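Just one chain is shown here, as structure tokens, and it is the form predicted on its own.
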């Protein structure tokens, strides 16, 4: 087998891998990205609703989201030389019952303690921001600095810019093992070749768990199906990012072409068949019934397509972004649990710092893989 060498080898060609490759190549280091599918970003990176939010996040990952929105997202289109359709018009997370408002209040209090500008508002205040909301909405959390963007454009933007800077990508390459030499991870074995690197970044989504096992590590990831609906283009109605305390849908209307994009949970997810993710008419119908209880004005808008994708859901629903004491030379970046897109530019930059400097600019100790070790 041919052996390829780079300063950093990245396993996974989703937006995390592409962003990391860009920031690494930008600093002049050599980087090689291995993707098992024939196309870049074919997993969750192109199968999500595009939220760029801070509100509703676990406090352990909130600093990453805040850093990205303050320092990266506002200038990302200019940096990548592609319109990523970033729109920063706030995020309403909606509640229809007293129990749901308690969930939102708890999330809001935690976020405020981390320094985020987010507050609870009444149903009437929410309808002043978005007059299309139904009267069933009793209240909401409101974060004015949240927003949304186009996942596919952002992923391909990082990919194209990384390649322009010299990053190498090999698609259609199934990685079978990470290998150690003298205790250090420094080689990746694939179906087509062997790839040596000073540092290995494992960012392969659900595929990260079996590959981590090849060096004796376990990251507790499970597949969770997420379905996404896209509607026909209509006149502009509202620019906010939307979510709910019940977590039954999230989404936005594109400010560029007028389509709504909704990520939905329908209750059918535990019954999804293994293998290729497939959307279903039953799940779409259930999701639409839920959406219409919040936005009855959308009743006559047609759905033009839907798709489904597997989420690498971590045991505590928070990502693993971590060096590993047991395996020097390996960095884990997985388990983003369906909310990785919004933090992906910041994660890419942090991964470049971990790989090239030995330490990230932010404290990531709460996201270490060792938090799952037996105690």
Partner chain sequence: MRINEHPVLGGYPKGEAVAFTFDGARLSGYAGEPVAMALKAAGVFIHRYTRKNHSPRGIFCAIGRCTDCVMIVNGRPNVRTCITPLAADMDVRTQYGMGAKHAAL
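Positions refer to the first chain, counted from 1. What you see is a predicted model, and the numbers here were worked out from it, not measured in a lab.
Heads up, the form predicted together with its partner chain isn't pictured, but that's what we're talking about next.
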| item | value |
| --- | --- |
| Residue among 234, 215, 246, 72 with a heavy atom within 4.5 Å of its partner chain in the predicted bound form | 234 |
| Distance check, residue 135 to its partner chain in the predicted bound form, heavy atom within 4.5 Å | no |
| Residue contact check: residue 302 to its partner chain in the predicted bound form, 4.5 Å heavy atom | yes |
| Contact test in the predicted bound form: residue 256 vs its partner chain, heavy atoms, 4.5 Å | yes |
| Stretch in contact, per heavy atom within 4.5 angstroms of its partner chain in the predicted bound form, of 234-242, 100-108, 180-188, 200-208 | 234-242 |
